[in-house]
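As structure tokens, one chain now follows by itself in the form predicted on its own.
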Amino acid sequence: MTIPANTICGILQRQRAFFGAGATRDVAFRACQLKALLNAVTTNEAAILQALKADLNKPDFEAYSSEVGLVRAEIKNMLQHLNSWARPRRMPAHITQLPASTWVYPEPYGVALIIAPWNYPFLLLIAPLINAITAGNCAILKPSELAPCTSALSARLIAETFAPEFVAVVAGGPETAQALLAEKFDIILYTGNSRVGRIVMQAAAKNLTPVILELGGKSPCIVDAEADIDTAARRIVWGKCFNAGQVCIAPDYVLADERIKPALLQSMSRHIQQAYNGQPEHSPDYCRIINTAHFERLCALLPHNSRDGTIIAGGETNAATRYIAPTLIDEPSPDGALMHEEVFGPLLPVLAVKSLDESIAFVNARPKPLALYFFSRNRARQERILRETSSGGGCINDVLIHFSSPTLPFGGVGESGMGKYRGRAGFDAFTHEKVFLKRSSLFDIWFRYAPYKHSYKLTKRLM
């Protein structure tokens, strides 16, 4: 059952009552709910793959490896560590507090709001839910209306697995999101673009609600003169073509050392041909753009004159099927829309640089990206990238796959987001750490009380 937007207030009140009754604080209850979700995902695997195919033309390999498989891995990781993460932790007491013991009590926030995007409509709806459940929260989910098949399936799966006073789905478009944001939640996780992220943060600020914002931006890919060119080309092409480039951490542009750039372009062109047998439009392994609006936006980014760059490979489009070929664009203007707007599609600009210094300066002059990729066999240069650039995360000599680990935290920095989730970071993100000191009544420190004639010198020595 999908909850209509006009009953948001009612379901929120019921979730608050359910949370207040204390059931979600029981670790055994949380484990039971996670197991039920794992069973539902496993049972509905074929239907989930079919829905993702209908919405984005995702091949089963991409749909499983980047959505269903990651959800299953996240649940299993949570179940493995739930007891230890949820247990109160004793901390060392300071000498001025003795005799006493100090403790950290992980406690859930309450009712979480999770707003998911359309590009990974199952993973980015369910993975945050897993973290919220593990931490002991109730949750209201807002799936993306732009992926209707996956949204409907997710709503059915959630309704069949959980009581609505524990987890509920509210479907709808922007007006539904606005209605949700008008309510007071205890924590909000939003995945999407920075424009809407600002709206979410503004709404949350009215109630001083903590937020986790998973945004995006232009993730650079730097290819050094000492890189393995063929391996770099194959991995960059794979990362850019995965989900037709509709990935928040996809390589958004390439900065290639001018000495190896011609060879890199040639190798990337060849790997595009090999991956899709020279016909990406007819390949069962290539996705489609989500809707007409995004298709037209991407078409507008294609070069229309020499200032926009030169198409080295691809460039073909089909409006009827929302197909855009994997496209390499050589030397677009750094001031053009292609280099300022997040591409979020299968268009890959490639620019020449003279040195690693120039690459680092180029990246650092722009907003901090969600991911950064660097290809080089030179360890000293690898360390320079790690030391001299800032990003949410990234890879050395690969792309995308840092997100696939259920144990690594994921999140952005600056314009690319705030807060992290996945694994232990996900549990912590949906948890408030309550600190308490337990003091004995058998002994007291006399000099903490007035009059303070001798207290200052004694306290200074102790502290």
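Numbers for residues come from their place in the sequence shown, where the first is 1. Just so it is clear, the structure is predicted and the values come from calculations on it, not from any experiment.
The following text describes the form predicted together with nicotinamide-adenine-dinucleotide (NAD), which does not appear among the structures shown.
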item	value
Position in contact with nicotinamide-adenine-dinucleotide (NAD) when the complex is considered in the model of the complex, options Pro251, Gly217, Pro349, Pro346, heavy atoms within 4.5 Å	Gly217
Contact residue in the model of the complex, from Glu145, Glu388, Asp230, Glu341 (heavy atom within 4.5 Å of nicotinamide-adenine-dinucleotide (NAD))	Glu145
4.5 Å heavy atom contact, Phe295 to nicotinamide-adenine-dinucleotide (NAD) in the model of the complex	no
Contact of Leu124 with nicotinamide-adenine-dinucleotide (NAD) in the model of the complex (heavy atom, 4.5 Å)	yes
Gly192 within 4.5 Å of nicotinamide-adenine-dinucleotide (NAD) in the model of the complex, heavy atoms	yes
Thr134 within 4.5 Å of nicotinamide-adenine-dinucleotide (NAD) in the model of the complex, heavy atoms	no
Residue stretch of 372-380, 319-327, 102-110, 172-180 approaching nicotinamide-adenine-dinucleotide (NAD) in the model of the complex, non-hydrogen atom distance within 4.5 Å	172-180
Joint contact, Ala23, Leu82 and Trp85 to nicotinamide-adenine-dinucleotide (NAD) in the model of the complex, by non-hydrogen atom at 4.5 Å	no
Residues from 90-125 in contact with nicotinamide-adenine-dinucleotide (NAD) (non-hydrogen atom within 4.5 Å) in the model of the complex	Ile115, Ala116, Pro117, Trp118, Asn119, Leu124
